[in-house]
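One chain comes next, on its own, written as structure tokens: the form predicted alone.
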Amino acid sequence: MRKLIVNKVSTPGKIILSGEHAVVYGYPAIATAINLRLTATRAGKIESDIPIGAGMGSSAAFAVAISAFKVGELNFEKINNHAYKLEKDLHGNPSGVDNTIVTYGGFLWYRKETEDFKTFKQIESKAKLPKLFLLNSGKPQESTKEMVSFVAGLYKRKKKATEEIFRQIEGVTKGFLRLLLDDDNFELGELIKNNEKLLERLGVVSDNTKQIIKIIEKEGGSAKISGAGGIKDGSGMVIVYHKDIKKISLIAKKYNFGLSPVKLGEEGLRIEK
């Protein structure tokens, strides 16, 4: 393996297309690296375009960058494993999907079979995906660790009902996979809407964020949170889609939403000059 003789790396942010929370319990998720990046040097100066606490993998991007220097060679498996340990220290019981998509980039099918055995495969997207936009619903008051614990409590109290939601989320996740593989039987807007409704049933979307999403749906679009979510105030970054791209700017102007385009399937860990 090539030694990291350079002193600078960059890592991407991420969004989860489908599978939030369910992925912690052995169900699959599809995640993608995006065009916002964190840059780190061995000396410890760090710059990042990734919003903190917005469900976009800022902590995973940091963990992977630090792990790259710690491992000392461009071995993605070792770097990813080390980053997962750092994520566990921070979040308690993460699935590992965040650090894995940040490390490898692109589109990723991911499943946590057990704590010590995880399966994932990069997806070669055959579909020309329409543009997606990001809207920040506000930084959640709850940490990712607290949101994971919240769902764990729900799972403990209502295991059968929660597992049924997870199974339905898995169905949506498989729909996203078929969409990426260019199956035109699946429509992006409907997949996004269905995913959001299931996350709302889990209770991880705040009332404020629900109102924002309802507005977007009223205007003919679809939206969903991406990440652990939030309950009391904001729920982090929201993915927004509309068949008519021109209407996106009209929605943003009408409701004073700060919408920004996002590129999917971006490169993972990268050595910088």
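When you see a residue number, it is the position in the sequence shown, counting from 1. Everything quoted here is computed from the prediction, not taken from an experiment.
There is also a form predicted in complex with a small molecule; it is not shown, and the following applies to it.
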| query | finding |
| --- | --- |
| Of N136, T144, N81, T162, the one that lies within 4.5 Å of the small molecule in the predicted complex (heavy atoms) | T144 |
| Region of this chain that lies against the small molecule in the predicted complex, out of 226 to 234, 239 to 247, 63 to 71, 211 to 219 [heavy atom, 4.5 Å] | 226 to 234 |
| Partner contact for V23 in the predicted complex: the small molecule, 4.5 angstroms, heavy atom | yes |
| Non-hydrogen atom contact T100 with the small molecule in the predicted complex at 4.5 angstroms | no |
| V148: touches the small molecule in the predicted complex, heavy atom cutoff 4.5 angstroms | yes |
| 4.5 Å heavy atom contact, S95 to the small molecule in the predicted complex | yes |
